[in-house]
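Given as structure tokens, the chain that follows is alone and in the form predicted alone.
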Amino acid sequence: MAEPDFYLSEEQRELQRALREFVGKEIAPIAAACDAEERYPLEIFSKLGGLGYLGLRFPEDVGGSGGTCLDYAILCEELAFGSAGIALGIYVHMALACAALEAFGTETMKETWLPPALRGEKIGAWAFAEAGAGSDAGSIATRAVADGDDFVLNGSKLFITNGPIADFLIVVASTEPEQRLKGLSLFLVERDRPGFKVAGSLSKLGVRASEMAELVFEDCRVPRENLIGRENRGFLDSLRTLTLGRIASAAFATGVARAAFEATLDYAGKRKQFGQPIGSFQAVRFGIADMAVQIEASRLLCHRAAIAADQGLPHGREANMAKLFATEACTKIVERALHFHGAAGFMSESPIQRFYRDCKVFELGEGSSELQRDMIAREIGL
């Protein structure tokens, strides 16, 4: 299916071509095995870093490659086309952990961590979610108490992508509990810091190539210079950088939907029933046509939000709309893809069943569909 690339520069079209070649060579062949084994292929970090892809959107003076939000959206779609789980690990590393360091970290933090992270030599994680805190960030219970030149962290984090493999974490902790959301701070915590441990890896329905863990902090002493941004305001400050996450989520969903669409289009031309390819039957033809329309709309909404961000324009509503539409469209597309594949799509060796397990997470992460609708309603004046 041809992309509506009339607004892409020649450099962006070349980026897209190069990424498709990389994904076809390095990710697609291992995607099924990594999913089955619940194993992240760590070499992908260094391979992407060596080609400069991990540095997209980051300034050259911190080891980045430059580029735009639109470049990043292209990266996310292509990686997710190959493996949503592998794409998720890269996203958490780039758009959450490294982005927080670049935006709010001290010069020492940036010099120490960003160059190796953007080369893929160090892996980052975003330690935010807890058993009682997801969309309600003000309920975070992990505490950071000032003690001389240090902060002492106590608490636990749950559902942390890259947790088992991260070299450093950006930890959201409460420094003023009575202030709830306005009392949250960010800290850089190194993997080998005493008092920090990975309590155990978590098994998931989908995106199984990404590794997830529960993290525990027991009197974990962190030096004050590891505070990222303003005390009591670090998390609130970081929210303005998290809009990129909704753009990325829309791009991921578009990539998975495109993979399901292309597999279905191929299958519909080869699978015969009643003496003819099933793609000749109107019900199948119309269903695949709807897939194509939804994918194009998803990509355009995603890219519109990215272009607005690149131009310095307000783009919160655009990002919310892109995330809402693309993720829900992806779920519908993958369900139809599985339906049209019949029993063949239900078998473990089929990539369709992997897409089916992967797609739902996009409606949950980066703010649920209900949260997106609530934010959109407020943005349009309700």
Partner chain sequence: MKILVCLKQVPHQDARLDIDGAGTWIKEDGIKFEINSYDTFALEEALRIKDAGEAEVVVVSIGPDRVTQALRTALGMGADRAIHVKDAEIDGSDTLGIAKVLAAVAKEESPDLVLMGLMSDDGNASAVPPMMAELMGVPSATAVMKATPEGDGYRCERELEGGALEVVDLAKPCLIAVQSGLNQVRYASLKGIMAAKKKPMDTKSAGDLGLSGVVGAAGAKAQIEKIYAPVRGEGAEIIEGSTDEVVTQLVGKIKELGLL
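Predicted, not measured: the structure shown is a model, and the values here were computed from it. Numbering follows the first chain given and starts at 1.
FYI, the form predicted in complex with its partner chain isn't displayed, but the following is about it.
Student: At 4.5 angstroms, heavy atoms only, are Glu10, Phe22 and Tyr53 all close to its partner chain in the predicted bound form?
Tutor: Yes, the whole candidate spot contacts its partner chain.
Student: In the predicted bound form, is there a heavy atom of its partner chain that lies within 4.5 Å of any heavy atom of Ala18, even though the partner is absent here?
Tutor: So Ala18 counts as contacting its partner chain.
Student: Mark Glu26 yes when one of its heavy atoms lies within 4.5 Å of a heavy atom of its partner chain in the predicted bound form, and no otherwise.
Tutor: Contact with its partner chain, yes.
Student: For Gly67, is any heavy atom within 4.5 Å of its partner chain in the predicted bound form, or not?
Tutor: Looking in the predicted bound form, residue contacts with its partner chain include Gly67, since a heavy atom lies within 4.5 Å.
Student: Would Glu14 show up as a contact with its partner chain in the predicted bound form if we use heavy atoms at 4.5 Å?
Tutor: Output for Glu14 is yes: heavy atoms within 4.5 Å of its partner chain.
Student: Would you mind picking the one in Glu102, Glu211, Glu130, Asp71 that has a heavy atom within 4.5 Å of its partner chain in the predicted bound form?
Tutor: Contact residue from the list: Asp71.
Student: I need the one stretch from 339-347, 44-52, 322-330, 309-317 whose residues put non-hydrogen atoms within 4.5 angstroms of its partner chain in the predicted bound form.
Tutor: Flagged stretch: 44-52.
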